[in-house]
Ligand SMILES: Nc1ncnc2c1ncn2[C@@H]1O[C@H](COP(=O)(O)OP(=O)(O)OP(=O)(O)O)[C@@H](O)[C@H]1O
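This document starts with one chain, in the form predicted on its own, laid out as C-alpha coordinates.
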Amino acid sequence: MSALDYEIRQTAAEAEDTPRAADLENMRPLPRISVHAFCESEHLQQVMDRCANDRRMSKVSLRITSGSTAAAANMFASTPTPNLIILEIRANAHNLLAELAPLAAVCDPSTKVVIVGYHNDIGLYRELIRNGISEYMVQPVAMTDVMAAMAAIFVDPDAEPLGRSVAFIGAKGGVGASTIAHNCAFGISNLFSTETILADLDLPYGTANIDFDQDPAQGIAEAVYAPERLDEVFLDRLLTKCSQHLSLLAAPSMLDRAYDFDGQAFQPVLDVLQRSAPVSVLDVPHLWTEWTRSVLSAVDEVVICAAPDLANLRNAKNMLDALRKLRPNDKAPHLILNQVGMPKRPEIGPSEFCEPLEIDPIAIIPFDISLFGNAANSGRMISETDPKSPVAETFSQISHIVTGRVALRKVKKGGLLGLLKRK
(Lines give C-alpha, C1' and ligand atoms only; values in the text may rest on other atoms or scores of the structure.)
Protein backbone atom coordinates (compact mmCIF):
# COMPACT_ATOMS: atom_id res chain seq x y z
CA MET A 1 0.00 0.00 0.00
CA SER A 2 1.39 3.38 -1.00
CA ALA A 3 1.72 6.35 1.32
CA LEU A 4 -0.94 8.12 -0.75
CA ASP A 5 -3.40 5.24 -0.27
CA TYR A 6 -2.70 5.28 3.48
CA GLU A 7 -3.35 9.01 3.69
CA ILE A 8 -6.61 8.62 1.76
CA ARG A 9 -7.75 5.83 4.07
CA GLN A 10 -7.02 7.86 7.18
CA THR A 11 -8.70 11.02 5.91
CA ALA A 12 -11.68 9.08 4.58
CA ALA A 13 -12.18 7.32 7.89
CA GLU A 14 -12.38 10.71 9.58
CA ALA A 15 -14.80 11.94 6.90
CA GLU A 16 -17.18 9.01 7.46
CA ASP A 17 -17.39 9.88 11.15
CA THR A 18 -18.47 13.47 10.54
CA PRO A 19 -22.08 14.66 10.83
CA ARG A 20 -22.33 14.61 7.02
CA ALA A 21 -23.62 11.06 7.37
CA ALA A 22 -26.83 12.61 8.68
CA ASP A 23 -27.40 14.01 5.18
CA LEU A 24 -28.45 10.52 4.09
CA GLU A 25 -31.59 10.73 6.22
CA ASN A 26 -33.02 13.43 3.94
CA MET A 27 -31.89 11.85 0.66
CA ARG A 28 -34.55 10.44 -1.65
CA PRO A 29 -34.13 6.83 -2.83
CA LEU A 30 -32.39 6.64 -6.19
CA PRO A 31 -34.47 5.50 -9.18
CA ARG A 32 -34.04 2.27 -11.12
CA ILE A 33 -30.72 2.93 -12.88
CA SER A 34 -27.60 0.97 -13.79
CA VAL A 35 -24.24 2.08 -12.40
CA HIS A 36 -20.77 0.67 -13.09
CA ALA A 37 -17.85 1.83 -10.93
CA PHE A 38 -14.21 1.31 -11.93
CA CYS A 39 -11.96 1.61 -8.88
CA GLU A 40 -8.19 1.89 -8.80
CA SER A 41 -7.92 2.11 -4.99
CA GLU A 42 -9.13 -0.14 -2.23
CA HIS A 43 -10.67 2.88 -0.52
CA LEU A 44 -13.07 3.66 -3.38
CA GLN A 45 -14.02 -0.02 -3.60
CA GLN A 46 -14.97 0.06 0.08
CA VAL A 47 -16.97 3.26 -0.43
CA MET A 48 -18.86 1.73 -3.34
CA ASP A 49 -19.51 -1.43 -1.31
CA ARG A 50 -21.09 0.73 1.38
CA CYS A 51 -23.22 2.45 -1.24
CA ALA A 52 -24.38 -0.92 -2.54
CA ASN A 53 -25.63 -1.89 0.93
CA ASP A 54 -27.55 1.32 1.53
CA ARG A 55 -31.37 1.12 1.49
CA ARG A 56 -31.63 4.18 -0.76
CA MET A 57 -29.83 2.16 -3.46
CA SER A 58 -32.25 -0.77 -3.40
CA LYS A 59 -33.47 -0.11 -6.97
CA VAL A 60 -30.01 0.58 -8.38
CA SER A 61 -28.15 -2.10 -10.35
CA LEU A 62 -24.58 -1.46 -9.19
CA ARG A 63 -21.49 -3.25 -10.50
CA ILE A 64 -18.04 -2.63 -9.06
CA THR A 65 -14.88 -3.47 -11.01
CA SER A 66 -11.25 -3.10 -10.06
CA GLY A 67 -9.77 -1.36 -13.06
CA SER A 68 -8.79 1.81 -14.85
CA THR A 69 -10.24 3.88 -17.68
CA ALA A 70 -8.62 1.52 -20.18
CA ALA A 71 -10.52 -1.40 -18.63
CA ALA A 72 -13.77 0.55 -18.95
CA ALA A 73 -13.08 1.38 -22.61
CA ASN A 74 -12.28 -2.27 -23.40
CA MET A 75 -15.45 -3.50 -21.66
CA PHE A 76 -17.83 -1.06 -23.28
CA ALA A 77 -16.36 -1.51 -26.76
CA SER A 78 -18.51 -4.65 -26.99
CA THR A 79 -21.32 -4.01 -24.45
CA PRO A 80 -23.79 -1.13 -23.94
CA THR A 81 -22.81 1.47 -21.38
CA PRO A 82 -24.90 1.86 -18.20
CA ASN A 83 -26.79 4.95 -17.08
CA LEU A 84 -23.80 6.05 -14.99
CA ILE A 85 -20.07 5.27 -15.02
CA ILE A 86 -17.95 6.16 -11.99
CA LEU A 87 -14.24 6.30 -12.83
CA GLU A 88 -11.31 6.64 -10.49
CA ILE A 89 -8.36 8.18 -12.37
CA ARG A 90 -4.86 8.74 -11.00
CA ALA A 91 -3.57 10.56 -14.10
CA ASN A 92 -2.32 14.10 -13.67
CA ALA A 93 -4.40 17.06 -14.73
CA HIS A 94 -2.68 17.45 -18.11
CA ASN A 95 -3.22 13.82 -19.18
CA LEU A 96 -6.68 13.26 -17.72
CA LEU A 97 -8.73 14.26 -20.75
CA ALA A 98 -6.45 12.28 -23.06
CA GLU A 99 -6.95 9.20 -20.89
CA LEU A 100 -10.72 9.60 -21.20
CA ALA A 101 -10.66 9.71 -25.02
CA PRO A 102 -10.89 5.91 -25.66
CA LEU A 103 -13.90 5.66 -23.33
CA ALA A 104 -15.60 8.66 -24.94
CA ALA A 105 -15.37 6.88 -28.29
CA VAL A 106 -17.47 3.92 -27.07
CA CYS A 107 -19.73 5.65 -24.54
CA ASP A 108 -23.44 6.08 -25.32
CA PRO A 109 -24.47 9.76 -25.53
CA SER A 110 -27.02 9.32 -22.72
CA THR A 111 -24.53 7.81 -20.25
CA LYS A 112 -23.42 10.07 -17.41
CA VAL A 113 -19.83 9.98 -16.13
CA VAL A 114 -18.51 10.88 -12.68
CA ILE A 115 -14.73 11.18 -12.21
CA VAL A 116 -12.97 10.54 -8.91
CA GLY A 117 -9.54 12.11 -9.17
CA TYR A 118 -6.60 13.19 -7.08
CA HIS A 119 -6.09 16.82 -8.09
CA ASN A 120 -7.96 19.69 -6.45
CA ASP A 121 -7.87 21.99 -9.48
CA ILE A 122 -10.76 24.31 -10.32
CA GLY A 123 -9.47 24.75 -13.85
CA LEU A 124 -9.50 20.99 -14.38
CA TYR A 125 -13.02 20.79 -12.96
CA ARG A 126 -14.31 23.43 -15.36
CA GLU A 127 -12.63 21.76 -18.32
CA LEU A 128 -14.17 18.39 -17.45
CA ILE A 129 -17.65 19.88 -17.07
CA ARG A 130 -17.27 21.64 -20.44
CA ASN A 131 -16.42 18.27 -21.98
CA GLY A 132 -19.59 16.59 -20.72
CA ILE A 133 -18.45 15.05 -17.42
CA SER A 134 -21.30 15.20 -14.92
CA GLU A 135 -19.21 15.57 -11.76
CA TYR A 136 -15.59 15.60 -10.61
CA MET A 137 -14.74 14.64 -7.04
CA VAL A 138 -11.38 14.70 -5.31
CA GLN A 139 -10.12 11.88 -3.15
CA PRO A 140 -10.73 11.08 -0.38
CA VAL A 141 -14.44 10.75 -1.07
CA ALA A 142 -17.01 9.51 1.43
CA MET A 143 -20.11 7.44 0.77
CA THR A 144 -22.27 10.54 1.24
CA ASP A 145 -20.29 12.34 -1.49
CA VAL A 146 -20.84 9.55 -4.02
CA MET A 147 -24.53 9.13 -3.26
CA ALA A 148 -25.11 12.89 -3.31
CA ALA A 149 -23.47 13.06 -6.75
CA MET A 150 -25.72 10.30 -8.05
CA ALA A 151 -28.80 11.95 -6.54
CA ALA A 152 -27.89 15.30 -8.11
CA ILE A 153 -27.84 13.65 -11.55
CA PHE A 154 -30.85 11.33 -11.36
CA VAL A 155 -33.23 12.73 -8.73
CA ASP A 156 -35.56 15.51 -9.82
CA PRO A 157 -34.72 18.57 -7.67
CA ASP A 158 -38.28 19.85 -8.11
CA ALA A 159 -39.88 16.63 -6.88
CA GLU A 160 -42.10 16.86 -3.83
CA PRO A 161 -40.25 15.89 -0.63
CA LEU A 162 -40.89 12.40 0.68
CA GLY A 163 -42.68 11.90 3.96
CA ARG A 164 -41.03 10.29 6.97
CA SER A 165 -41.84 6.61 7.58
CA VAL A 166 -41.72 5.01 11.04
CA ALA A 167 -42.21 1.26 11.60
CA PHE A 168 -43.18 -0.25 14.95
CA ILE A 169 -42.63 -3.96 15.59
CA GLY A 170 -42.77 -6.11 18.70
CA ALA A 171 -39.86 -8.22 19.88
CA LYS A 172 -42.50 -10.78 20.83
CA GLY A 173 -46.23 -11.16 20.32
CA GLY A 174 -48.43 -9.44 22.88
CA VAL A 175 -45.97 -6.76 24.01
CA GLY A 176 -48.22 -3.88 22.91
CA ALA A 177 -46.34 -2.74 19.79
CA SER A 178 -49.60 -2.06 17.95
CA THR A 179 -51.03 -0.05 20.84
CA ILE A 180 -47.85 2.04 20.97
CA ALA A 181 -47.86 2.55 17.18
CA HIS A 182 -51.50 3.67 17.18
CA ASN A 183 -51.03 6.09 20.07
CA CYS A 184 -47.90 7.55 18.52
CA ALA A 185 -49.60 8.04 15.15
CA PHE A 186 -52.45 9.81 16.91
CA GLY A 187 -49.97 11.90 18.92
CA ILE A 188 -47.95 12.93 15.86
CA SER A 189 -51.06 14.06 14.00
CA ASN A 190 -52.40 16.07 16.95
CA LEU A 191 -49.21 17.51 18.41
CA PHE A 192 -47.81 18.84 15.14
CA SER A 193 -51.05 19.25 13.13
CA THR A 194 -49.33 17.06 10.55
CA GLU A 195 -51.14 14.88 8.07
CA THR A 196 -50.34 11.36 9.22
CA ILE A 197 -51.23 7.95 7.80
CA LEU A 198 -51.36 4.86 10.01
CA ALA A 199 -50.97 1.66 7.97
CA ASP A 200 -51.91 -1.62 9.67
CA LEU A 201 -49.75 -4.28 8.01
CA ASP A 202 -51.16 -7.17 10.07
CA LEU A 203 -53.78 -8.19 7.51
CA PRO A 204 -55.29 -11.21 9.32
CA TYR A 205 -55.24 -9.89 12.90
CA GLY A 206 -54.78 -6.10 12.76
CA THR A 207 -56.45 -4.07 15.50
CA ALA A 208 -56.11 -0.47 14.29
CA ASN A 209 -59.74 -0.41 13.15
CA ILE A 210 -60.87 -1.58 16.62
CA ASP A 211 -58.60 0.84 18.47
CA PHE A 212 -60.03 3.77 16.50
CA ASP A 213 -63.60 2.43 16.50
CA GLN A 214 -63.74 2.24 12.70
CA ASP A 215 -65.24 -0.30 10.30
CA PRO A 216 -63.92 0.61 6.83
CA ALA A 217 -65.03 -1.38 3.81
CA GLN A 218 -61.63 -1.05 2.13
CA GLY A 219 -58.06 -0.73 3.28
CA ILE A 220 -54.55 -2.05 2.84
CA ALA A 221 -55.57 -5.35 1.26
CA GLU A 222 -56.88 -3.52 -1.84
CA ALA A 223 -53.58 -1.63 -2.06
CA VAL A 224 -51.35 -4.71 -1.72
CA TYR A 225 -53.31 -6.89 -4.13
CA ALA A 226 -53.62 -4.23 -6.85
CA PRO A 227 -50.19 -2.55 -7.08
CA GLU A 228 -50.79 -1.64 -10.74
CA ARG A 229 -53.69 0.62 -9.67
CA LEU A 230 -51.93 2.12 -6.68
CA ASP A 231 -51.30 5.86 -6.77
CA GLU A 232 -52.10 8.82 -4.54
CA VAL A 233 -55.68 9.05 -5.84
CA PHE A 234 -56.41 5.36 -5.33
CA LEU A 235 -54.80 5.43 -1.87
CA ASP A 236 -56.98 8.37 -0.85
CA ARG A 237 -60.07 6.29 -1.61
CA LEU A 238 -58.81 3.51 0.69
CA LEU A 239 -58.11 5.76 3.69
CA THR A 240 -60.45 6.20 6.63
CA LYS A 241 -60.42 9.51 8.51
CA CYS A 242 -59.81 8.99 12.25
CA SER A 243 -59.25 12.60 13.28
CA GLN A 244 -58.56 15.95 11.66
CA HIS A 245 -55.01 15.02 10.65
CA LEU A 246 -54.93 11.22 11.00
CA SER A 247 -55.99 8.74 8.33
CA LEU A 248 -56.08 4.96 8.65
CA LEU A 249 -55.15 2.34 6.08
CA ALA A 250 -56.88 -0.49 7.87
CA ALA A 251 -56.30 -4.24 7.74
CA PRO A 252 -59.26 -6.44 6.80
CA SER A 253 -58.76 -8.57 9.96
CA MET A 254 -60.44 -11.53 8.24
CA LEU A 255 -59.37 -15.11 7.63
CA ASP A 256 -61.06 -15.60 4.27
CA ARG A 257 -57.72 -16.27 2.56
CA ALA A 258 -54.05 -16.93 3.28
CA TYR A 259 -51.98 -13.75 3.43
CA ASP A 260 -48.74 -14.84 1.78
CA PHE A 261 -46.63 -12.11 0.19
CA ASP A 262 -43.39 -11.94 -1.73
CA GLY A 263 -40.50 -9.86 -0.51
CA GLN A 264 -41.37 -6.60 -2.30
CA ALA A 265 -45.17 -6.80 -1.95
CA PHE A 266 -45.44 -3.78 0.35
CA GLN A 267 -42.84 -1.60 -1.38
CA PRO A 268 -45.38 0.07 -3.75
CA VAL A 269 -47.57 0.83 -0.72
CA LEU A 270 -44.65 2.37 1.15
CA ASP A 271 -43.65 4.45 -1.89
CA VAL A 272 -47.16 5.91 -2.24
CA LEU A 273 -47.48 6.51 1.50
CA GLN A 274 -44.27 8.55 1.52
CA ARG A 275 -45.54 10.66 -1.37
CA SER A 276 -48.98 11.14 0.22
CA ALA A 277 -48.29 12.37 3.77
CA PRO A 278 -45.49 14.02 5.78
CA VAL A 279 -45.52 11.09 8.25
CA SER A 280 -46.47 7.44 7.78
CA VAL A 281 -46.63 5.09 10.78
CA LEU A 282 -46.45 1.38 9.96
CA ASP A 283 -47.79 -1.19 12.41
CA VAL A 284 -45.67 -4.25 11.46
CA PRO A 285 -46.75 -7.66 12.79
CA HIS A 286 -44.38 -9.82 14.81
CA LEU A 287 -43.06 -11.82 11.84
CA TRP A 288 -39.66 -12.34 10.27
CA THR A 289 -40.33 -12.87 6.57
CA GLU A 290 -38.94 -11.47 3.34
CA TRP A 291 -41.63 -8.81 3.20
CA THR A 292 -41.22 -7.66 6.81
CA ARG A 293 -37.43 -7.53 6.33
CA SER A 294 -38.01 -5.47 3.18
CA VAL A 295 -40.31 -3.02 4.99
CA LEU A 296 -37.99 -2.66 7.98
CA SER A 297 -34.97 -2.07 5.75
CA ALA A 298 -36.77 0.61 3.70
CA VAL A 299 -38.32 2.88 6.36
CA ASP A 300 -36.67 5.92 7.92
CA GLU A 301 -37.09 4.85 11.56
CA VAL A 302 -37.58 1.47 13.24
CA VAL A 303 -38.99 1.15 16.77
CA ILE A 304 -38.72 -2.18 18.60
CA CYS A 305 -41.16 -2.67 21.46
CA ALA A 306 -40.33 -5.23 24.14
CA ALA A 307 -41.49 -6.45 27.55
CA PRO A 308 -38.86 -7.02 30.27
CA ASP A 309 -38.44 -10.81 30.12
CA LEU A 310 -35.84 -13.23 28.78
CA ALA A 311 -37.60 -14.16 25.53
CA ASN A 312 -38.02 -10.48 24.65
CA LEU A 313 -34.38 -9.83 25.46
CA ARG A 314 -33.21 -12.64 23.18
CA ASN A 315 -35.53 -11.57 20.34
CA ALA A 316 -34.68 -7.87 20.70
CA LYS A 317 -30.97 -8.68 20.55
CA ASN A 318 -31.44 -10.79 17.41
CA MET A 319 -33.58 -8.11 15.77
CA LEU A 320 -31.14 -5.32 16.56
CA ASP A 321 -28.22 -7.33 15.17
CA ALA A 322 -30.15 -8.21 12.01
CA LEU A 323 -31.37 -4.64 11.44
CA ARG A 324 -27.89 -3.21 11.88
CA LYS A 325 -26.77 -5.45 9.03
CA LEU A 326 -29.83 -4.60 6.91
CA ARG A 327 -29.39 -0.87 7.57
CA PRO A 328 -25.61 -0.39 7.90
CA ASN A 329 -25.67 3.34 7.12
CA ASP A 330 -28.64 4.26 9.33
CA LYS A 331 -28.80 4.89 13.04
CA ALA A 332 -29.76 2.01 15.30
CA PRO A 333 -33.46 1.22 15.86
CA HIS A 334 -35.20 2.77 18.86
CA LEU A 335 -36.19 0.59 21.81
CA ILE A 336 -39.30 0.96 23.99
CA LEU A 337 -39.79 -1.13 27.12
CA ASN A 338 -43.49 -1.71 27.71
CA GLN A 339 -45.63 -3.34 30.44
CA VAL A 340 -42.96 -2.67 33.05
CA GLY A 341 -43.96 -3.37 36.65
CA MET A 342 -46.65 -6.00 36.02
CA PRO A 343 -47.76 -7.30 39.45
CA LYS A 344 -46.39 -10.73 40.48
CA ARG A 345 -44.43 -11.14 37.24
CA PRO A 346 -40.66 -11.63 37.59
CA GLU A 347 -38.92 -9.07 35.39
CA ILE A 348 -35.49 -8.16 34.12
CA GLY A 349 -34.57 -4.65 35.28
CA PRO A 350 -34.21 -2.00 32.56
CA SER A 351 -30.45 -1.68 33.12
CA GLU A 352 -29.88 -5.42 32.89
CA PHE A 353 -32.19 -5.67 29.88
CA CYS A 354 -30.47 -2.90 27.91
CA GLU A 355 -26.84 -3.70 28.73
CA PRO A 356 -26.43 -6.63 26.27
CA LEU A 357 -28.38 -4.68 23.63
CA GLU A 358 -25.93 -1.76 23.85
CA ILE A 359 -28.82 0.65 23.47
CA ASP A 360 -30.84 2.86 25.80
CA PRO A 361 -34.64 2.84 25.65
CA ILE A 362 -36.35 5.99 24.45
CA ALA A 363 -39.25 5.20 26.79
CA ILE A 364 -40.18 2.87 29.63
CA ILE A 365 -43.95 2.49 29.82
CA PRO A 366 -45.39 1.17 33.09
CA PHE A 367 -48.01 -1.56 33.22
CA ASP A 368 -51.43 0.06 33.72
CA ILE A 369 -54.18 -2.42 32.94
CA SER A 370 -56.98 -0.02 33.88
CA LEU A 371 -55.83 2.87 31.66
CA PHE A 372 -54.98 0.76 28.61
CA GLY A 373 -58.03 -1.49 29.03
CA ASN A 374 -60.45 1.43 29.22
CA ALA A 375 -58.89 3.06 26.16
CA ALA A 376 -59.01 -0.16 24.12
CA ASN A 377 -62.60 -1.01 25.06
CA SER A 378 -63.84 2.48 24.22
CA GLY A 379 -61.96 2.78 20.90
CA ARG A 380 -59.99 5.79 22.11
CA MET A 381 -56.35 6.72 22.51
CA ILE A 382 -54.58 7.22 25.85
CA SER A 383 -54.39 11.00 25.37
CA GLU A 384 -58.17 11.03 24.88
CA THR A 385 -58.90 8.72 27.81
CA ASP A 386 -56.64 10.48 30.33
CA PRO A 387 -54.71 13.39 28.77
CA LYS A 388 -53.01 14.30 32.06
CA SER A 389 -51.61 10.83 32.75
CA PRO A 390 -47.82 10.24 32.71
CA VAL A 391 -48.34 7.62 29.99
CA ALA A 392 -49.99 10.22 27.73
CA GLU A 393 -46.97 12.47 28.23
CA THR A 394 -44.68 9.55 27.43
CA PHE A 395 -46.45 8.97 24.11
CA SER A 396 -46.08 12.67 23.37
CA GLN A 397 -42.35 12.45 23.96
CA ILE A 398 -42.03 9.30 21.82
CA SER A 399 -43.82 11.16 19.02
CA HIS A 400 -41.24 13.93 19.24
CA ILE A 401 -38.34 11.46 19.14
CA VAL A 402 -39.42 9.34 16.16
CA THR A 403 -40.19 12.41 14.06
CA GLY A 404 -36.77 13.92 14.80
CA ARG A 405 -38.13 16.89 16.73
CA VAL A 406 -35.95 16.44 19.81
CA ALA A 407 -32.31 16.14 20.72
CA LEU A 408 -31.96 13.20 23.10
CA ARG A 409 -29.80 13.59 26.16
CA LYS A 410 -28.31 10.59 27.92
CA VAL A 411 -31.09 8.31 29.16
CA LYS A 412 -30.78 7.37 32.79
CA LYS A 413 -31.51 3.68 32.94
CA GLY A 414 -34.24 2.78 35.35
CA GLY A 415 -36.04 6.09 34.97
CA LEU A 416 -39.29 6.40 33.11
CA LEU A 417 -37.79 8.51 30.33
CA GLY A 418 -34.64 10.43 29.55
CA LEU A 419 -34.67 14.18 29.59
CA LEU A 420 -35.69 15.65 26.27
CA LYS A 421 -34.82 18.95 24.73
CA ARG A 422 -37.50 19.95 22.26
CA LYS A 423 -36.57 21.87 19.16
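The first residue of the shown sequence is 1; numbering continues from there. In this text, all values refer to a predicted model and were calculated from it rather than measured experimentally.
What follows is about the form predicted together with this ligand, which we do not show.
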Only one of 45 to 53, 29 to 37, 351 to 359, 369 to 377 has heavy atoms within 4.5 Å of this ligand in the predicted complex; I'd like to know which.
369 to 377
If we define contact as a non-hydrogen atom of the residue within 4.5 angstroms of the partner, is residue 176 a contact of this ligand in the predicted complex?
yes
Is residue 83 part of the interface with this ligand in the predicted complex - any heavy atom within 4.5 Å?
no
Residue 339 near this ligand in the predicted complex, any heavy atom under 4.5 Å?
yes
Applying a 4.5 Å heavy atom distance criterion, does residue 381 contact this ligand in the predicted complex?
no
Name the single residue among 309, 202, 135, 330 that comes within 4.5 Å of this ligand in the predicted complex, judging by heavy atoms.
202
